[in-house]
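In the form predicted on its own, a lone chain appears below as structure tokens.
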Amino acid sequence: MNILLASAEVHPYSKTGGLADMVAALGKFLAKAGHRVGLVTPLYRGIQGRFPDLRPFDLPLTVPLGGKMVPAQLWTLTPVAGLTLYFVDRPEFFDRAGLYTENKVEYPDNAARFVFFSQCVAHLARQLDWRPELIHVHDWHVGLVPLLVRHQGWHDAWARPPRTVLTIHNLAYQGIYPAETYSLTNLPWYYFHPDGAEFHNRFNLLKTGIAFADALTTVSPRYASEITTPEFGCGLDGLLRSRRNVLTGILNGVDYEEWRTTDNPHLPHPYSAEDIAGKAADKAALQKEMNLPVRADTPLFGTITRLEEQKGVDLLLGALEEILTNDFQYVLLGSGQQAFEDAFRDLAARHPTKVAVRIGYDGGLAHRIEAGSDFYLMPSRFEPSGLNQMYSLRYGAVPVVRATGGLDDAVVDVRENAPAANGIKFSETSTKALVKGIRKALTLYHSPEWLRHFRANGMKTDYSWKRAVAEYEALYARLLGVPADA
């Protein structure tokens, strides 16, 4: 199959969260499965300097944006056989300090930036000589693409338009702008209605994709069910229920070529499920790196997260305040809302021998936290898929999670299946429930046989992309009416 992916971020070129990891891995493993894959993403500041092998792509690209035609240059890179990355170069829109925000403030022209990017994706798909049969777009930034493709097909500008798939990575982020910004799309206003692009008299990019894509996916089966309810539907549950017949949940995979505990350049000491000794050495190294007392007998908890309410950060702060009288240590890597950043800095200042905080993101440190931690805390209010719980399983850091979305799909609690248990789950969204989960972890730490059991199960759990890619192949094949191995 010939497949064109599109995403506003792709690891390792640009990243703010799991979206970048997922799209990069999906593209790579679809290509390794034998498909012809293109992946379109913006050329943000610094990418050319870090990846000097980028080459200009000789294909003229000029797209409509409101009342003018705007040109873009394309650059390409082929990281693996069968996968071509297409970088859309428009310095006016993408040569900036941040991807979507600067100094925690959203860029005021984000609607124009990503309408432009979506137009580039649709126009590129029409001009590529390898003829994409399917366009798979990710999140609100490219939610306009399915409508652009459908419109061009309906109006004979595209004789055989590709089928379209939209993956919803996080329904809470929808790209909602004033109604007048719809004029940037150069589409007829008859698409701007409550069953289409309009949302309470505003322009909603994600809703546009949900309404017009041929198929919808989410990044876990549980989340696909959750978003059709008022509690998790973010105002779009009615539309999603009406499109339930084309909605599928596919749990994200893990790129074990990167997230591995042996031959990993970020880890000072290798280890495996068969030989776990190196994990204790990585724990000691992490304690030293984070200026915590090096103590093998103290359980070490870790979290790598955006500091947002969705992630249950307020629950985490409350639980730590309550339970820090116990003997354990905690390491945090993350950034987000200023109030949460300040609260964690204050917690670390008041408990310097128990709490270490690094504000920001550091890819190498993320690996070392997963490797050095005994437990991984993830108390999300909702979690479409989550990747860190799957990373922590492979790294032998027992996850303590709230039973929601992909966390519920990936983690097995002892109450569900004791022989297969690999983590600790709690259901209630409260500090009390999280404290109870942490206490269970402390008990588990002092039960060496059970701790080995949980760790071994987690490290042997297979959440590779081989499984996930097979599910996407089956979905694509149904849309195209071809065998899955075509």
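Just count from 1 along the sequence shown to find any residue number. Everything numeric in this text was worked out from a predicted model, so none of it was measured.
The same protein has a further form, the form predicted together with ligand ADP, not shown here; the description that follows concerns it.
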### Query
Pick from 174 to 182, 267 to 275, 301 to 309, 141 to 149: which stretch has a heavy atom within 4.5 Å of ligand ADP in the predicted bound form?
301 to 309
### Message
Within 4.5 Å, heavy atoms only, which of 130, 361, 107, 189 is in contact with ligand ADP in the predicted bound form?
### Response
361
### Message
Which residue, 223, 86, 330, 391, is the contact with ligand ADP in the predicted bound form, using a 4.5 Å heavy atom cutoff?
### Response
391
### Message
Can you tell me whether residue 93 touches ligand ADP? I mean in the predicted bound form, with a 4.5 angstroms heavy atom cut-off.
### Response
no
### Query
For residue 378, is any heavy atom within 4.5 Å of ligand ADP in the predicted bound form, or not?
yes
### Query
Though only this chain appears here, would residue 292 touch ligand ADP in the predicted bound form if you measure heavy atom gaps against 4.5 Å?
no
### Message
Taking ligand ADP as it sits in the predicted bound form, is residue 259 in contact with it (heavy atom to heavy atom, 4.5 Å or less)?
### Response
yes
### Message
With the partner left out here, which residues of 364 to 385 have a non-hydrogen atom within 4.5 Å of ligand ADP in the predicted bound form?
### Response
366, 378, 383
